[in-house]
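In structure tokens, one chain follows: the form predicted on its own.
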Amino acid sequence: MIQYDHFQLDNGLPFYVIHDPTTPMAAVNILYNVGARDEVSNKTGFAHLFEHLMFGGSANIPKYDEPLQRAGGDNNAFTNSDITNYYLSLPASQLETAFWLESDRMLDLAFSEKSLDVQRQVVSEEFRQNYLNQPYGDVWLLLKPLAYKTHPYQWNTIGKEISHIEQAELQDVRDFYRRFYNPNNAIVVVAGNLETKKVKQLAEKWFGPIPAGENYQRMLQQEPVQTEARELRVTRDVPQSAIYKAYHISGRGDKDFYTVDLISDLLGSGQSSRLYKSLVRKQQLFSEINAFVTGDLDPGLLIVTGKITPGIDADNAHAALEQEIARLSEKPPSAPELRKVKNKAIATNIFGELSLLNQAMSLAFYAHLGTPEIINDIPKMYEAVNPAALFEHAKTVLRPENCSTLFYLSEKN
């Protein structure tokens, strides 16, 4: 059971404090309510670019990393379609250093043409290396716009195209910062052997004077229900052909999310999953196969991916894959089969929360969903799923007309 306290500053910045008396370390996680879905279609990749800029120095701290390293800490960050998340660990006795660093870049980030140019080049090179010049690197650049036609999930966090980053201007970056990087658009979680009273004193000292920004109201185009199967075939210089299937599912905060997560585990999580046993081990049509959910806040995707065994016809492999997927919507799983994937999901959750930093990240995320208390209830969510409910949901999700399929074919084959 994760114990935590909660308070909120007058400027709207919420704080959560997790108590762990067993460690001398502290973890600080700051979640900003901005991701790739908040970009406009002709200026994508900004949320990720801005994550890089946040480490370029603020008004009173030229180099973010140096004071943190002197205090014995380290840090990192990530951006996805929904949020931008910054996190750090350091000795609990140095907590004020973390508050000083994070409050200064929330208040007044340093911008210059030079820093923007440096980060433009860094992110552009990342785009080239990881997405354009990497085998299978452009899969998500192809699959997401195939599955989404109106919602901004249609572009990846890196952006739709490299030119959007290369052409980013300083005023664009300033506007992005003023719109999203405000205390009333963030959540702070502090974890460690700390007293809430002391954390609140430091919070009021360092974050309290920062003025609130305008309340951000997200107005996104909702993705219409997909009514027919979609398909895209491309040929690339890769060692094996592959198939990627994307089924529309509910959002992360929906009560059915845990059901569809177990559906993905039954299909393709590990060597005991249905797809692996049938298509890899028995029929040897695929050399590897996996299934997972994206976990997006808005309605997301259940993804099935498979590398086709060399020499196997892609259409034959796909037909066998669809046949095996359809089995889950024709008959409920047995109680022992469902029990197995439940145990795995629950164990993954429990072991994942042993880390102080992971606890801070998780609590920030569930607080962002508006349900921080759910951090202690995830095992119950999985336990509540029964074979009949999973079967009914599988029939709804695993329909061909709800699916977009990418055939990623090897030139060699």
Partner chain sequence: MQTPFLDRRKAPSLVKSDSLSLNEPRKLALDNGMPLFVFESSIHPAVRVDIVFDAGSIWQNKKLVADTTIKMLKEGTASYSAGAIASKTDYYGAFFDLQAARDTAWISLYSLKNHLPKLLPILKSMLTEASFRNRDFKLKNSRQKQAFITNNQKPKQIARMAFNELVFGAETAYGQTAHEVDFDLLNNQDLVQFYQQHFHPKNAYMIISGAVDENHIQLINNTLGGQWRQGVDEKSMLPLTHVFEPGYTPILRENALQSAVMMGKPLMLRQDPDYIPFLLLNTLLGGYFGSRLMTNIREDKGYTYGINSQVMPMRHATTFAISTQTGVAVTQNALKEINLELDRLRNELVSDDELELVKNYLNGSYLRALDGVFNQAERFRSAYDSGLGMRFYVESLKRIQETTADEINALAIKYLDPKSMRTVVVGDDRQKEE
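None of these values were measured; they are calculated from a predicted model. Numbering follows the first chain given and starts at 1.
The protein also exists as the form predicted together with its partner chain; that form is not presented, and the subsequent description refers to it.
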* Structure fact -> Within 4.5 Å of its partner chain in the predicted complex, heavy atom basis, the matching stretch of 145-153, 83-91, 174-182, 222-230 is 83-91
* Asked: Are Asn316, Glu330 and Tyr382 jointly within 4.5 Å of its partner chain in the predicted complex, each by at least one heavy atom?
  -> no
* Of Asn358, Asn376, Asn33, Thr348, the one that lies within 4.5 Å of its partner chain in the predicted complex (heavy atoms) -> Thr348
* Using a 4.5 Å cut on heavy atoms, which of Tyr258, Tyr247, Tyr276, Tyr244 is close to its partner chain in the predicted complex? -> Tyr276
* Flag Leu170 as yes or no: does it have a non-hydrogen atom within 4.5 angstroms of any non-hydrogen atom of its partner chain in the predicted complex? => no
* Decide whether Gln69 counts as a contact residue for its partner chain in the predicted complex under a heavy atom distance cut-off of 4.5 Å. => yes
* Might Ala212 be said to contact its partner chain in the predicted complex, defining contact as any heavy atom within 4.5 Å? -> no
* Asked: Is Asn42 one of the residues lying within 4.5 Å of its partner chain in the predicted complex, judged by heavy atom distances?
  -> no
* Structure fact -> Taking its partner chain in the predicted complex and a 4.5 Å non-hydrogen atom cutoff, the residues of 95-124 making contact are Glu96, Thr97, Trp100, Ser103, Asp104, Leu107, Lys114, Val118, Gln119, Gln121, Val122
